[in-house]
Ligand SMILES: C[S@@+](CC[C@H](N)C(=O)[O-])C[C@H]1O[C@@H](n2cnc3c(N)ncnc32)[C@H](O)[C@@H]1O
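Starting off, we have a lone chain in the form predicted on its own, written out as structure tokens.
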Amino acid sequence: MAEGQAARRGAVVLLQEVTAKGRTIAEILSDAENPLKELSPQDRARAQRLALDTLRRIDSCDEVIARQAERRPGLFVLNILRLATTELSLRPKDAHGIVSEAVNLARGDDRSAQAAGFVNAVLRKVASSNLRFEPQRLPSWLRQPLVQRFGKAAVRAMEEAHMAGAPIDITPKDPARAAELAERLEGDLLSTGSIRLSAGAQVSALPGFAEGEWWVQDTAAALPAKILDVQPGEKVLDMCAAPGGKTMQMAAAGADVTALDMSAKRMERLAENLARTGLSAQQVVADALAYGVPNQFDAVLLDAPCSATGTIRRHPELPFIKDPADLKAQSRLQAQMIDQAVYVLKPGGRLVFCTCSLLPEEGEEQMASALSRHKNLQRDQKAVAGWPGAWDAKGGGLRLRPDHMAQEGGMDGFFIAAFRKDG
């Protein structure tokens, strides 16, 4: 197989799984039947990158293809065209090779001359056009509430951040050595304490990874544990712990951590991460709504299941496969989990609730509702103080957006609220 062809074929397979079956890239790659498992690490990484680049431009690609094609092709051929159109927009000087490789993909194992001829004809027209793609608009079910909450300019800035993609952030096991580690990895030490790596870094090959000196974690995702600020010896519950970034932060701080998750498969990954970093936590596979006894923990961190709309920079397929009808059930579950967190929290204890969502019903509204239901719960504004003013949420907490820290490469969208339970 020609150089680059394996990665392109892998990218098309990923696009097929997303567009035909509504699966996320993460689900596909974690499956036992991972279609990329036979590829080299380099081709596997390139296939993922090509698929993600295409998903970030899929609407624009479809518009271009529709103008140049006499008919709408089948999904497999359409995904080949989408991939090649994305590549042509990013590397127009490589047009000849990109078109040739796409034609070879269209022939496939059955050497379909008709599909190959169609792809060749369409892409030659595409290659001769001026491809300037604007940031992809969010679907209306998501865009409308965000415009209402943040305004059109902010939403457009988020869409620009989504198209730019997400850099790789890491969290040092020892925060005191963050500057030294950043220099060794040739990364940038952010104001949040995370280290941002240069584009194209192969994580597992970097110094300190095998030794467990750090782990991959978006800078926004690292903030909830920093805000909870656990102390050595405190009994702490990480309610939705896998894959373990927050558990490791709290264990590294010396807390007695119970890592709870209902997915045994995801907990296997947490166990692997703990083993690599040399950290320890009690690992429990159970339903969070049925776990624990009253007044059991000094602190609870609840990173609740949500729409994940704050992670579109790294998961561009989410807006098109998420069902907005699921939001009400998800919001109810979040409220129930907050209630359980309050139940197991000691008097005087601390709770941090967060979601990687941009939607108010999974953030600000959950915080207000929790305070209304639990008269013994108070906002802990001191815990969320000291961060940039633009991150302040209406009514308390932090509202992080993908366009925040834009000059440094952005961050995932999160809502974070801190509470104390009255004694």
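Just so you know, these numbers come straight off a predicted model, no measurement behind them. Residue numbers here begin at 1 and follow the sequence given.
Note that the form predicted in complex with the named molecule isn't included here; everything after this is about it.
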For this session: Spell out, yes or no, whether the shortest heavy atom distance between Arg266 and the named molecule in the predicted bound form is within 4.5 Å.
Result: yes
Exercise. Taking 4.5 angstroms as the cut-off for heavy atoms, does Ala281 touch the named molecule in the predicted bound form?
Worked result: no
Problem set entry | Touches the named molecule in the predicted bound form: Pro305 (any heavy atom, 4.5 Å) | yes
Exercise. So in the predicted bound form, does Cys240 come within 4.5 Å of the named molecule, heavy atom to heavy atom?
Worked result: yes
Seminar exercise, completed: The listed residue (Glu234, Glu159, Asp261, Glu101) that reaches within 4.5 Å of the named molecule in the predicted bound form by any heavy atom is Asp261
Problem set entry | Contact residue in the predicted bound form, chosen from Leu146, Leu197, Ala299, Ala288 - any heavy atom within 4.5 Å of the named molecule | Ala288
For this session: Name the stretch: of 122-130, 316-324, 168-176, 241-249, exactly one has residues whose heavy atoms fall within 4.5 Å of the named molecule in the predicted bound form.
Result: 241-249
